[in-house]
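What follows is one chain in structure tokens, specifically the form predicted alone.
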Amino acid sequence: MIQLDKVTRVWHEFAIRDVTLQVNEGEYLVIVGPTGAGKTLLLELLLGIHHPDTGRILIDGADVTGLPPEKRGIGMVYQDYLLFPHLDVSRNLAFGLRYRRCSGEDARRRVREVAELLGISSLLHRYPYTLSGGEKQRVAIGRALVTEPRILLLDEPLSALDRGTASRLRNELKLLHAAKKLTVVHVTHDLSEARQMGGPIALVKDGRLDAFGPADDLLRRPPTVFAANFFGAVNLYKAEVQKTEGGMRVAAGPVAAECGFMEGAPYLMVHPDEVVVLPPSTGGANRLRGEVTALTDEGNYVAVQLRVAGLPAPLTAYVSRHFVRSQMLALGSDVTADVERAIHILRE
């Protein structure tokens, strides 16, 4: 288990500020965030290249805040591989073992096992300049694994690869995680990659932890406007808090939902795939009369854009092609959008 307790580190233009985070044993955590948010610095704090200005880092309950990298039992894989060009694959894999008390036979055994696990046994006598990007990344991952770390850190390991190679390595990383039962912390800017890895996601903004949780929760119920925008929210409206006879509610034009105490400026998000498009009617609570202003075929669905009186921006609903045909939807069609079950309240 990894625990960060109010960790702060300011280094040049990068910073991690008051981050508290827990990664359970065997978990696959993905860290996302914009460029310069501090994602790599966070990994290097875990590795021990940097040490916190304040706060503590614990691994399996032991305080490792001041320990050097070689005493933490952590492997690290960077985006640009960092292979030694004058060493063949076998010696690149074995490099990290030279500083450990590991006999020659034991080192050769570990290299063979890791090479077999990663499917690079046929590459052991080749040099880095003869390898493809995917092969180099497998060697870099193998070099981290050969020391038998408890924790594996991955800093955008697939970003330099073409889409097909990245997809294959993504699946291999999931299989490797399951086979070795490693705790993995993986930094990426690719949201589809973050979702595919299957573990929790931590979103970092300006060095602070903005959101944390399962991928589906963050996509369906982001806690902040920044998280909603980062994960691609479609219908997002600034709202106001209103006092009613039944209590408090948050409203953006004709869209409204009950709420409790609200910190920060409220926003309403309407999930486009949960909007129900109906024939035109007189409406009711959160039933919005609108005019179709755009129909965009997105492959698996059609995005229907509606102009709704009182909303500051168009409302988008996702429907099937069959629905568009059967309801004869076209530009200018008059419809009603039921958003009652599609509303999520969040804060700035």
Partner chain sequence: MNGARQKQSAPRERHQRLDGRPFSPYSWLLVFIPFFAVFLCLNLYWLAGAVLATAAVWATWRRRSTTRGTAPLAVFSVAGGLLIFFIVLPIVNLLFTTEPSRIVRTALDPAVRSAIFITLSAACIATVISLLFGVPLGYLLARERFAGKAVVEGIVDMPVVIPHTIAGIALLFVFGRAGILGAPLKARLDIQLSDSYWGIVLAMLFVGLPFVVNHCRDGFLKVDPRMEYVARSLGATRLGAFFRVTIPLTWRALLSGAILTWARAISEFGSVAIIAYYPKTINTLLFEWYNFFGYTYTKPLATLLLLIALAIFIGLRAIAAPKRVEH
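Numbering follows the first chain given and starts at 1. Fair warning: this is a prediction, and the values are worked out from it, not measured in the lab.
Form predicted in complex with its partner chain: not shown, discussed below.
70 is the sole member of 70, 297, 60, 53 with a non-hydrogen atom within 4.5 Å of its partner chain in the model of the complex. Contact with its partner chain in the model of the complex, defined as a heavy atom within 4.5 Å, holds for exactly one of 278, 241, 82, 175, namely 82. The candidate stretches are 184-192, 166-174, 250-258, 71-79, and the one lying within 4.5 Å of its partner chain in the model of the complex by heavy atoms is 71-79. The putative spot formed by 305, 340 and 344 is not touched by its partner chain in the model of the complex; no residue has a non-hydrogen atom within 4.5 angstroms of it. At least one heavy atom of residue 47 is located within 4.5 Å of its partner chain in the model of the complex.
The closest heavy atom approach of residue 98 to its partner chain in the model of the complex falls within 4.5 Å. Contact check for residue 144: a heavy atom falls within 4.5 Å of its partner chain in the model of the complex. Among residues of the shown chain, residue 125 is not one whose heavy atoms approach its partner chain to within 4.5 Å in the model of the complex. If you take 104-130 and check each residue for a heavy atom within 4.5 Å of its partner chain in the model of the complex, you get just 129.
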